[in-house]
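Presented as structure tokens, the chain that follows is alone, the form predicted alone.
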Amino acid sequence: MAQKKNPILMIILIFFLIEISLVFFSKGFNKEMQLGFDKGKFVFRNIESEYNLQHKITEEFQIDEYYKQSGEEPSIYGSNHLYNFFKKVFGQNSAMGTFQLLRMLLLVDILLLFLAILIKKRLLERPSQPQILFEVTYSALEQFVIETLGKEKVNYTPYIVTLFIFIWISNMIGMVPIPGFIEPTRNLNVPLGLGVFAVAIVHITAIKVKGFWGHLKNYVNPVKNPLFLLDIIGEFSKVVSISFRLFGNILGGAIIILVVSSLVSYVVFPVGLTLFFGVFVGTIQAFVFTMLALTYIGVEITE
């Protein structure tokens, strides 16, 4: 009886053979394979490649500095008018980077709204696999909220779920193989904004539970708390800690993937590194950030 072949194993084998062929035909890492159309003609050839890793890192992570050094005039999807608008509003030193960040945040927001509408319209008594996945995620985070804040504060679950999903999508979207797609969380402004917002929610919650003066006296009462200045500094350190943890892990992972990919000239793409830093680390960091925000709320309202 013939043994049934595993389609996944067959796909991996074909992929491996293609990669080996690319290495063979590239004839060294100082050349680049050109496959496509050139002046209306289909071409399949090797061309000399001058690759500078430092320039690539600058282009990837400091795009405005790259254009400043190269002297090139950036074109945003062929619209110089749009680039000039961003240059007038944000200045030449941050126009392109700001545009990239705002574009990715808009895409993440649109994707979140699309998922919310889709899930709401397609809620079934016999749930589909995506609905099961969402319900499991929501139930797990809801349980964390109940255990940390108590059943009477279960209304914080939507905030915690939204925070987790937003950060997770922001960490994952950089894996989409489209030029210009970056993780918004590798830009310090996004984690810092999330950190400030999370700590603000902490103090708003504490004021609701304890009252304004009841919460404020914990920080401005030298008699009962002579080290109140350290507590005030500690609140600022929460923002720094929660923000830089997310920023550093996502940015570090992106740099490692870029460097390793450059070492192999993108011929054998480090899929394992992408899965680890993109999926695993991205998910863990989204969960850690969310749990820290929840923990900060729990500490304030139980003191």
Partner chain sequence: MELTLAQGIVKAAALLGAGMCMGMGALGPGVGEGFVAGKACEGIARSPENASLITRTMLVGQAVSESTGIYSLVIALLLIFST
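Numbering follows the first chain given and starts at 1. Owing to the predicted nature of the structure, the values given are computational and were not obtained by experimental measurement.
Another form, the form predicted in complex with the partner chain, is not on view; read the next lines as being about it.
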Check all three, A116, S139 and M172, heavy atom within 4.5 Å of the partner chain in the model of the complex: no
Verify the contact flag for F144: yes if a non-hydrogen atom of it lies within 4.5 Å of a non-hydrogen atom of the partner chain in the model of the complex, no if not. yes
Taking the partner chain as it sits in the model of the complex, is S70 in contact with it (heavy atom to heavy atom, 4.5 Å or less)? no
L9 versus the partner chain, in the model of the complex: is there a non-hydrogen atom within 4.5 Å? no
Would you please decide whether I284 lies within 4.5 angstroms of the partner chain in the model of the complex, comparing each non-hydrogen atom pair? yes
Can you name the residues of 231-259 that have a heavy atom within 4.5 Å of the partner chain in the model of the complex? S241, F244, R245, F247, G248, N249, L251, G252, I255
